[in-house]
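Next up: a single chain in structure tokens, the form predicted on its own.
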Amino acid sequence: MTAIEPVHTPPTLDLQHLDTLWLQVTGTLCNLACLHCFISCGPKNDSHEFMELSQVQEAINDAVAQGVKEFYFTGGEPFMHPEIREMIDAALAHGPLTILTNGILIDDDLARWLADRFHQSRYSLDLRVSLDGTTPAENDVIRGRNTFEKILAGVDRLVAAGLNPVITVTTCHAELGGAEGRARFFDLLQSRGMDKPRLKFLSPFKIGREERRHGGDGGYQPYELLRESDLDDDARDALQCSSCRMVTSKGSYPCPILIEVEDARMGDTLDDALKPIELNHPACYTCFVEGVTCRT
């Protein structure tokens, strides 16, 4: 008699409140093509194109009507957008803003302008700069040749302008996620003049280019899926998708991780995404098991 495989029943998660709105302002277009990028961003990937300023303004206004508490700009590389300063002002008129960047395009003028907005705006402005090693050898094998010094040069400019960016590390090198690896990052940043370094460590998601980085064997295993029985009330509250949504040029999604997953698209507008979601994607497993949040 053939055994019957148990049916996989994914959890359904309500949107408790729209606390956080993510905006993919430059889509999947980026000045780098990092080997661990879960949405395979790069100079030639226009799967999600640049958002228009009017699209960003509309999404912000829709989120404000829902009582949103904070905004995040990501990409791609947000500072590639020719209207990024107007977009920043549009968000800061309504709430705190965090921008995720690789820092390479931040010149002295932009650093000073960001510092001015930081000091003058009613709401806070934060910068998160991605770096994946404490040496060129560690970082550049993931982010590209000579990117280590270019990224840190952007950090130096922000610090010189009076800002204290958060350095975000994806732990592709597993040893960097431990206490010794974290201490090496603190030492590096203090040596660059950062008196109070701020660090955020993230586990890699095994989709997109990260899956291919391991020769096609780096993806999720069949068992790496959430089931209804996995989540109690505390776990549901902890998942960021219970309080956030993502908007790109192609529509609305549950979170920043899933914009290249076709069946994760929820509709054309933010309003279309204000409904429960099924946590039926392998990346949801990483968020749950690793306690991941994309928020700063």
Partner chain sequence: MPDLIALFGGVYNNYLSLKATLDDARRRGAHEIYCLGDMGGFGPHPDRVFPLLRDAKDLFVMQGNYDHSIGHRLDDCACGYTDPRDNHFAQVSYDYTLAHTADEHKDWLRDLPTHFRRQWRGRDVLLAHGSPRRVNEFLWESTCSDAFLAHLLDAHGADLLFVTHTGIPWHRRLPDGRQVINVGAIGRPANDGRTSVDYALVDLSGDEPSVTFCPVSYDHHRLANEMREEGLPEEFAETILTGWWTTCLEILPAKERHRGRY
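Numbering follows the first chain given and starts at 1. Since the model is a prediction, treat every value here as computed from it, not as a measurement.
Omitted from view is the form predicted in complex with the partner chain, to which the following refers.
Asker: By the heavy atom within 4.5 Å rule, which residue out of 110, 125, 152, 90 makes contact with the partner chain in the predicted bound form?
Answerer: Of the candidates 110, 125, 152, 90, 125 is the one lying within 4.5 Å of the partner chain in the predicted bound form.
Asker: Of 30, 261, 231, 68, which one comes within 4.5 Å of the partner chain in the predicted bound form, counting heavy atoms only?
Answerer: Filtering the options by heavy-atom distance leaves 68.
Asker: For the interface check, one of 82 to 90, 68 to 76, 138 to 146, 101 to 109 should have non-hydrogen atoms within 4.5 Å of the partner chain in the predicted bound form; which one?
Answerer: Correct option: 68 to 76.
Asker: How about residue 173: is it within 4.5 Å of the partner chain in the predicted bound form, going by heavy atoms?
Answerer: No - in the predicted bound form, heavy atoms of residue 173 and the partner chain never come within 4.5 Å of each other.
Asker: Would residue 95 sit within 4.5 Å of the partner chain in the predicted bound form, counting heavy atoms only?
Answerer: Because a heavy atom of residue 95 falls inside 4.5 Å of the partner chain in the predicted bound form, the answer is yes.
Asker: Would you check, heavy atoms only and a 4.5 Å threshold, whether residue 160 touches the partner chain in the predicted bound form?
Answerer: Residue-level check for residue 160: no, no contact with the partner chain.
Asker: Quick one: does residue 197 come within 4.5 Å of the partner chain in the predicted bound form, counting heavy atoms only?
Answerer: Flag for residue 197 set to yes.
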